[in-house]
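Next comes just one chain, in structure tokens: the form predicted on its own.
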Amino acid sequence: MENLIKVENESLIRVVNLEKSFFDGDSELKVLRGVDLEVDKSEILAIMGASGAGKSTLLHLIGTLDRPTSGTIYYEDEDITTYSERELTQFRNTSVGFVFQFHQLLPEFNALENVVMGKLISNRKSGYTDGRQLTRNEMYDRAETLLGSVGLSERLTHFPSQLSGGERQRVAIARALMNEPKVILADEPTGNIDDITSEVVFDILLRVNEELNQTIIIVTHDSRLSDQTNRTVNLVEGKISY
């Protein structure tokens, strides 16, 4: 991975008075009750909280997988809550990388194909200053490089069923990096693997943050991991507690 100089104290994401409710008939369940949060570029932030506190809900809203009931989400001062569904899809495909607890890899595709798939579908972000799109060969070359950077050069053609839990999660990290996103959102990325493998996966996320200046938001219940991030916030009763 290429070493770059970090950008300090420059805001990437601002969440303002964010609320989210879920409805079952006339019954309302308030999950988020006015969340305010700011995330700097190049920061690695941990969000902690009790089970059911709304951590994943907050992450999904920041990642545009769902819309808030009220409130605003800014990316570099652009209010994405005003976007149409099509605009949100395009923004999500090019600006957000996801790492989920259960990997969400496509079982019928091998590691290399899983990493390159999103780029093949959208190919919206160039990667070149002249604005041209990546060719198919260039996309595969990039995917292979990313898999190599997470230690999977020898596992390119292996299918998810042939990989360990930690290896699947490393594929997911490479996939999240494929489109050079503004932010990686990791939802309990070590929650489904053993402690030793968890440390390996988390070390990769730390290295991605350090070497690529990659902004990362991690939802975790493990204080051993959160202690290694730049900052930790707690979600308590639907609000951020510092």
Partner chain sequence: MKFEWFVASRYLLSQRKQSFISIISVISIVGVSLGVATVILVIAVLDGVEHGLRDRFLANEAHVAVSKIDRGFFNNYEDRIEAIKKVDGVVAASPVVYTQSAIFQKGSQSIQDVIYIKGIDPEVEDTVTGFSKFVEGSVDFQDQKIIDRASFINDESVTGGIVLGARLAKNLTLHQGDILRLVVKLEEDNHSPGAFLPRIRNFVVIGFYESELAVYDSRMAFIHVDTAQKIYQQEGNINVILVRLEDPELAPTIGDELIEVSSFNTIDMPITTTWLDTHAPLFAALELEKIATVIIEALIILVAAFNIASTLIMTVMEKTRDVGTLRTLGASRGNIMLIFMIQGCVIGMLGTLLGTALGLGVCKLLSTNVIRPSPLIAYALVVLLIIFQICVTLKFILSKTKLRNIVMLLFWILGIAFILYCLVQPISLKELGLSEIYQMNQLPIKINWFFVGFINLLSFSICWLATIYPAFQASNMRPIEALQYE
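Positions refer to the first chain, counted from 1. Small disclaimer: the values here were computed from a predicted structure and weren't measured.
Just so you know, the form predicted in complex with the partner chain exists too; it's not on screen, but the next bit is about it.
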Check your understanding: Which of these stretches, 163 to 171, 74 to 82, 146 to 154, 101 to 109, has heavy atoms within 4.5 Å of the partner chain in the model of the complex?
Key -> 101 to 109
Check your understanding: Do residue 28 and the partner chain share at least one heavy atom pair within 4.5 Å in the model of the complex?
Key -> no
Check your understanding: Might residue 65 be said to contact the partner chain in the model of the complex, defining contact as any heavy atom within 4.5 Å?
Key -> yes
Check your understanding: Does the partner chain come within 4.5 Å of any heavy atom of residue 175 in the model of the complex?
Key -> yes
Check your understanding: Is residue 133 a contact residue for the partner chain in the model of the complex, using a 4.5 Å heavy atom cut-off?
Key -> no
Review point. Do all of 93, 113 and 120 end up near the partner chain in the model of the complex, with near meaning a heavy atom within 4.5 Å?
Key: yes
